[in-house]
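Single chain ahead, by itself, as structure tokens, in the form predicted alone.
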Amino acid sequence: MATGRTHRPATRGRGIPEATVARLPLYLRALTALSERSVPTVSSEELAAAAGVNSAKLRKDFSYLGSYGTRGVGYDVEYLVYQISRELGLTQDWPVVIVGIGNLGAALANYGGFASRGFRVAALLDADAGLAGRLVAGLPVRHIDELEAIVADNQVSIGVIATPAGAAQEVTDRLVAAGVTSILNFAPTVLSVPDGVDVRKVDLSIELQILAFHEQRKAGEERQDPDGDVPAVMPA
């Protein structure tokens, strides 16, 4: 199986919009579930509902892949799984390093979804010398001083950062200098990277704040009177 450095997905070169790229994993998850149930074909409406998008958007997204389905039959599930996996670069092996093996880093190391999608955790790294050698998800934690050698030896192009915010930029700089060109950042901070390096940020606290906003809005709607008017504020 090829390693992560031998091939890059052609999504950008083929002009696939970033919004479409962001939806491809949703389609793949729904298609994989259908494949596991031995469902041979699926309509655009059924697949769109399973992925949480509208069918017109799905058909537009698939047109970028050159997949138009068959009228009256729908889409071939197995072929779409292959096609989307190939477009996302999941038909090859992508070695990944996780830096920061606290509670979050250890949970990520134990996440089974990495291996099932072609992401092989090559190493776990931490600055705490006391963690060195400890097994997490079957892998020994290695000291951060080994970062450059590990990236080179395993041809790592994707790094996952689960460090405290204060350490994230320094780790990023070292990863980039070592040759890593894609970073998944769980640290609650904005990273500065040079052109050619992609960063995806996952901030759970921000997602919770967005949910809190929606909950507050729903609570406000429930306090409205039956005519939809907001109750008048009584003078002080």
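Every value quoted in this text rests on a predicted model; they were computed, and no experiment measured them. Position 1 is the first residue in the sequence shown; the rest follow in order.
Although it is not shown, the form predicted in complex with the DNA is what the next lines describe.
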Checklist entry - Closest heavy atom of residue 29 to the DNA in the predicted complex, within 4.5 Å or not? => result no
Item to check | residue 208 within 4.5 Å of the DNA in the predicted complex, heavy atoms | outcome: no
Checklist entry - Heavy atom to heavy atom, is residue 42 within 4.5 Å of the DNA in the predicted complex? => result yes
Item to check | in the predicted complex, residue 139 touching the DNA (heavy atom, 4.5 Å) | outcome: no
Next on the checklist: Please tell me whether the candidate spot formed by 23, 63 and 67 is one where all three residues come within 4.5 Å of the DNA in the predicted complex (heavy atoms).
Outcome noted: yes
Checklist outcome for this item: From 112, 72, 130, 166: within 4.5 Å of the DNA in the predicted complex by heavy atoms is 72
Checklist outcome for this item: TL;DR on 158-166, 72-80, 113-121, 92-100: the one with heavy atoms within 4.5 Å of the DNA in the predicted complex is 72-80
Checklist entry - Quick one: which residues from 105-130 get a non-hydrogen atom within 4.5 Å of the DNA in the predicted complex? => result none
